[in-house]
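The form predicted alone is given below as one chain in structure tokens.
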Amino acid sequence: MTETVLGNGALDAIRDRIDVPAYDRQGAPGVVHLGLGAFHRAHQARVFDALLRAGDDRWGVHAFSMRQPAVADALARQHGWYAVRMGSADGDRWVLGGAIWRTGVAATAPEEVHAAIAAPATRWVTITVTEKGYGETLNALLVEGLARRRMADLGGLTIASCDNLGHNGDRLRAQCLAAAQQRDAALADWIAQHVCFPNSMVDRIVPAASPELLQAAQAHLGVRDDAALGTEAFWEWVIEDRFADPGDAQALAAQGVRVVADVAPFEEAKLRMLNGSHTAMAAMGSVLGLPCISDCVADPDIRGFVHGLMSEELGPLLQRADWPDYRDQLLRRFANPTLRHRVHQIATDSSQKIPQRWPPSILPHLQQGRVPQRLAFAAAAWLRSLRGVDEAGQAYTIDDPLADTLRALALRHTGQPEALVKAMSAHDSVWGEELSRYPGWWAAVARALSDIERQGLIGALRALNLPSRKPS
């Protein structure tokens, strides 16, 4: 007997199990998304689904994977439908996503991306390509699509970067204008006048889908869903009030998006506290052989470390006035056992994430004459994690653009913390040039790494013995 798969033909069979959106999905999408993955489907696509459910038919999505076809193909087979499990201390809630109306793969069909951006119905482009995806490929896709809009005498767009980059809209605008200028100065002028690039901060923890999650989706729906995903109940989207259509501010705000004049305080808090703590825990969890962030936070020594990191070294530097409440909220979210957010997923591309997450907090302390010891410990834990083997001798894969170089250095200098730190400090692409001026910082990292090697990570963590408010 053939197994039933989620899709248009299965909707009647699942209506008594989950709420099926009633909006028409046959029209032209108003949003082009680049970087189709779990995060987009659990975040921006959920907002667009809410807008569609509210009767605003302009928010259907034409979503493109940048390189790999697996997600796009799975969604195509299911006509864009997928289930989302939202877990919290109060239990699980399932919702059905239907905002993705079309899918494609940018690497194999760039013409399809150009045409989608230049389609008359397109109003928005959203982007989740992660830090390493900002470059010539992305610029070329956007600029060619915008050039076609200009030639067709169509209006401008809102292009929203939804990644963990500081001032992401400003950066993307500068990239696109530079790429357009090389091609045609008149095109660059048109983009500057007609296309809006709002800065934004997006926040929702979305682990990679597991076999258990897919099995739970099938049990709940009664049909197979190869695109199901799990996330937390919490979500936040803060976006700058800078839109090609000013009316979008009210539409988004009505669905829970925070539209503000200045995203920076929220962006800064998220990058430093959530993402910075995540990277630290990913390194420690890798070394200890702990599979998930919730396992890390369940350890009282790690939880106390993270609380102290946010309380003493990250939070006091922030513009966000409610950072103590934000810290406590983060600790509760990290502890959510339903997420199973794997440390090795978070550790992916750490060499490109660290520059955004740690140095902006390290430098202010150094400039004021103090060494942030917890951040130095986090840096040491990351250096130890680069060996690709945990303290129990279990090997793991380091998924990073610099993996071969970094792992070779870590293995070459095993048992030589000062030599390893000296070698790693030369990687300005990770640490930035300014840290090289502070030998006290590198000495603290080397001491922490030496302690980790001599006492094990938990032993070194306990020996750190820094004053801090007790974790809540």
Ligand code: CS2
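Residue numbers run from 1 along the displayed sequence. Everything numeric in this text was worked out from a predicted model, so none of it was measured.
Another form exists, predicted in complex with the named molecule; not displayed. Remarks below refer to it.
Q: Check each of Arg384, Arg357, Arg150, His365 and return the one that places a heavy atom within 4.5 angstroms of the named molecule in the predicted complex.
A: The residue from Arg384, Arg357, Arg150, His365 that makes the contact is Arg357.
Q | Position in contact with the named molecule when the complex is considered in the predicted complex, options Lys353, Arg374, Arg173, Arg327, heavy atoms within 4.5 Å | A | Only one option qualifies, and that one is Lys353.
Q: With the named molecule left out here, work out from 214-222, 77-85, 340-348, 304-312 which stretch has heavy atoms within 4.5 Å of it in the predicted complex.
A: Heavy-atom contact with the partner occurs in 340-348.
Q | the named molecule contact in the predicted complex: Phe39, any heavy atom under 4.5 Å | A | Phe39 belongs to the contact set for the named molecule.
**Q.** Residue contact check: Asn164 to the named molecule in the predicted complex, 4.5 Å heavy atom
**A.** Close contact exists here: in the predicted complex, Asn164 approaches the named molecule to within 4.5 Å, heavy atoms only.
Q | Contact test in the predicted complex: Asp248 vs the named molecule, heavy atoms, 4.5 Å | A | Although the named molecule is absent here, Asp248 would stay clear of it in the predicted complex, with no heavy atoms inside 4.5 Å.
(Q) Would you classify Val202 as touching the named molecule in the predicted complex, given a 4.5 Å non-hydrogen atom cut-off? (A) Yes, Val202 lies within 4.5 Å of the named molecule in the predicted complex.
Q: Output the sequence-ordered list of residues from 68-90 with at least one heavy atom within 4.5 Å of the named molecule in the predicted complex.
A: Heavy-atom contacts to the named molecule in the predicted complex: nothing from 68-90.
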